[in-house]
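Quick heads-up: it's one chain on its own, the form predicted alone, in structure tokens.
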Amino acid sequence: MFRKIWTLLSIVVMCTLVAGGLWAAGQAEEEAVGPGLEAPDEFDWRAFEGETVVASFPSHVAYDAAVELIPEFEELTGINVELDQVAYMRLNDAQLLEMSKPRGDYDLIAAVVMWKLEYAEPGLVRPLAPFFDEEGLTMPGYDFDDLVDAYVENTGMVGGDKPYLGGEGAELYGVPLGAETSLLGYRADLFEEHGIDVPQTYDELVEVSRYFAEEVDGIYGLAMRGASGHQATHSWLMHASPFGASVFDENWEPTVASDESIATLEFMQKMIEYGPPGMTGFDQDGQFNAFLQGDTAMYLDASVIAGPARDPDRSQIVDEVAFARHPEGPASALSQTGGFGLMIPSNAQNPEAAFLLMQWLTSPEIERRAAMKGAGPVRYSTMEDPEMQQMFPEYVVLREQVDYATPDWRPIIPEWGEINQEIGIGVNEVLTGAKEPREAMEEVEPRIRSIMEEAGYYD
């Protein structure tokens, strides 16, 4: 769906890979090559030997898996890697503090997609095209075009048709690591026992949720986030695209009170009715637990659920979970994009060494090995690999789903933090029954417009 966006950049990268002169910086030591990575003699893996890359990473399954492999990178390249790995909620403040200095401590950062415009527009991070174009910097076999198009656009493209998307004039600032889309998880044992087909549409999703809540003792329908603020907004966005709803129109006028948005909220009200007690207060952990502890028959949200579903320390339904495509709504079959990507700060002290680490961590073989440790894949080849599909059956579904993942799932603009909260308060008021859908959203719309007006979006 999105691969045409990358044709030009892919050509640049592939030309870099095949031009032998671009690798003629020296010879790699044969014994230094990491498992599965065979460097041609003309690529100098040790060009930055002795330099130190300081990386700002989150505590997140994809990064935990990648970190385990970093000693191999250090041995391969002679580059020292120092990690500042902290909880996600602390990352943004720490990164902004370091990137505001003339010389920052961080050479490589993992940024949530919602921060990319905040980092790229004021020049806090570097565009990546110059690195790919520079002689001797592109590692062999990187295969940029193998990265999932929607993840790349959502994670790293800035300045296109909309400021947070690709298209004419856009530049690449990051590559995905820890990116995600949405999947439907369901209890295969219960569906088989009750002779129920997996829902392929939202109408079927409502009916299946009703059936389990009303006909099966101790089982509810769908696990969903509902807590006021970001969590409730996330849930609304999860279903808004399938219903044809959006935050803004083409002129940046808020549209959260549209008929499509109201239909989205009415669907969510039904999920609360058929869901477990307390769901209006669920964050992601609450949603995970409701499904993994066997309280609900279904889960529809981020694909990162697959790892915890296999973990006997977290899941009581380890052998009973299967996955399916995000159901199709009245308007579309589009699904979520989110997660993390890697960027290089403008004030990095060792940017070239950081670029080599960025590539290595997201290269085909290292991605595959990290995926075996629980990281979600960001490459088509990993999802399509028969061996990986046998180990992780959800990859078959995930490969189908990424073709429907939309990079325009939410408006990633600097004002999104405030808007996110406003929508989430209104959605939670609907889910708790404090207000009717249209009443709540008609109160939210002018608050959003005020934020946008103050930011200068209107003439």
Partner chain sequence: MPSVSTRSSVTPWLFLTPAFVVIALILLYPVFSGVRLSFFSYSMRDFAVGADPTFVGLDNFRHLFASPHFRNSIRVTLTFVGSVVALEMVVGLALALLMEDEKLKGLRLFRTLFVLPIMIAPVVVGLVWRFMYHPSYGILNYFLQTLGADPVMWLSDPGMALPSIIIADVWQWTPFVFLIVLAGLQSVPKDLTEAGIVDGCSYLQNLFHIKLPMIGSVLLVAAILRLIDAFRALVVIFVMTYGGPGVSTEVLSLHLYKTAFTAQRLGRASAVAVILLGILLILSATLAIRTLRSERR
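Positions refer to the first chain, counted from 1. Please read all numbers here as calculations on a predicted model, not as lab measurements.
Heads up, the form predicted together with its partner chain isn't pictured, but that's what we're talking about next.
The closest non-hydrogen atom of Thr280 lies within 4.5 Å of its partner chain in the predicted bound form. Its partner chain is not drawn, but in the predicted bound form it has no heavy atom within 4.5 Å of Arg438. Its partner chain in the predicted bound form comes within 4.5 Å of a heavy atom belonging to Leu96. Using a 4.5 angstroms limit between non-hydrogen atoms, Glu118 touches its partner chain in the predicted bound form.
In plain terms, the part of the chain that comes close to its partner chain in the predicted bound form, with a heavy atom within 4.5 Å, is 280-288 out of 280-288, 297-305, 243-251, 171-179.
When contacts are defined as a non-hydrogen atom within 4.5 Å, all of Ser228, Glu429 and Thr432 contact its partner chain in the predicted bound form. Think of it this way: in the predicted bound form, its partner chain has a heavy atom of just one of Pro71, Pro312, Pro122, Gly167 within 4.5 Å, and the residue is Pro122. Asn92 is the sole member of Gln85, Gln269, Asn92, Gln349 with a non-hydrogen atom lying within 4.5 angstroms of its partner chain in the predicted bound form.
With contact defined as any non-hydrogen atom lying within 4.5 angstroms of its partner chain in the predicted bound form, the contacting residues in 414-431 are Pro414, Gly417, Glu418, Gln421, Glu422, Ile425, Asn428, Glu429, given in sequence order.
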